[in-house]
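One chain is shown next in structure tokens, namely the form predicted alone.
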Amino acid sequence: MHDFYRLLTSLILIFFLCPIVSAKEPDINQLALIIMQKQSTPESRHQSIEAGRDRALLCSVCHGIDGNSTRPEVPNLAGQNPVYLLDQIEKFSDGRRKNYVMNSLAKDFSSDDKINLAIYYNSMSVKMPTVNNKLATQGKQIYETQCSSCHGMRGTGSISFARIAGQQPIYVFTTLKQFRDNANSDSDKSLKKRNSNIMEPIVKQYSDKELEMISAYIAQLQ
């Protein structure tokens, strides 16, 4: 239950420090309350995990039955922050994030399906990927300087930012490269698969080699 109490603490801080939520953005506070309610007792959390496990059969071809990806270009979902993950499923559901397979699946998920999947994957343990240790060592300084303020020194994230520790390095590299390419392109962002007003300016300056270094460092975080 330590994840539940950490989530509760984060939510309290958000309500006191950030009481106003833009109408144009998903209400992360409301999503947090939904997740908290589902995990309010050991019994309800267990029921949600079991329901999520059944629903995850649809996702297991790519993400693995336990949330550890079967494909290097597909993200691990195991151990992901449940509020963040629920938010991303909602974005796939309504088209704010674009991926043909995910858009098709997510729009057919019920509200309970989405919540249960987020809680189920959060309950799974991450299996550490194979990492190039030399690249990881080289990426440490960049990560701590540019990434840790949002994702944390250990990559654990928060209700608003992804847990990235132990993530597939090829997936991380591909995503960072996409953000970089977005930042350096004048094309319509609404047509792109993934956008971030936070990430794009940060990664704009980095070479492919530096993105590989950052990705390797993230992958070995535990």
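All values reported here derive from a predicted model rather than from experimental measurement. In this text, residue numbers run from 1 along the sequence as written.
Keep in mind the form predicted in complex with a small molecule is missing from the figure; the text below concerns it.
Visitor: If you check in the predicted complex, do R53, I65 and L221 all have a non-hydrogen atom within 4.5 Å of the small molecule?
Guide: So, no: the whole triplet misses the small molecule.
Visitor: Does any heavy atom of K140 come within 4.5 Å of a heavy atom of the small molecule in the predicted complex?
Guide: No, K140 stays farther than 4.5 Å from the small molecule in the predicted complex.
Visitor: Is K127 one of the residues lying within 4.5 Å of the small molecule in the predicted complex, judged by heavy atom distances?
Guide: K127 lies outside the contact set for the small molecule.
Visitor: Do S123 and the small molecule share at least one heavy atom pair within 4.5 Å in the predicted complex?
Guide: Outside the cut-off, so no.
Visitor: Although the partner isn't part of this model, could you tell me whether L58 comes within 4.5 Å of the small molecule in the predicted complex, counting any heavy atom of the residue?
Guide: Yes, L58 is a contact residue.
Visitor: Please tell me which of E73, D108, D112, D94 lies within 4.5 Å of the small molecule in the predicted complex, judged by heavy atoms.
Guide: None of the others qualify; the residue that does is E73.
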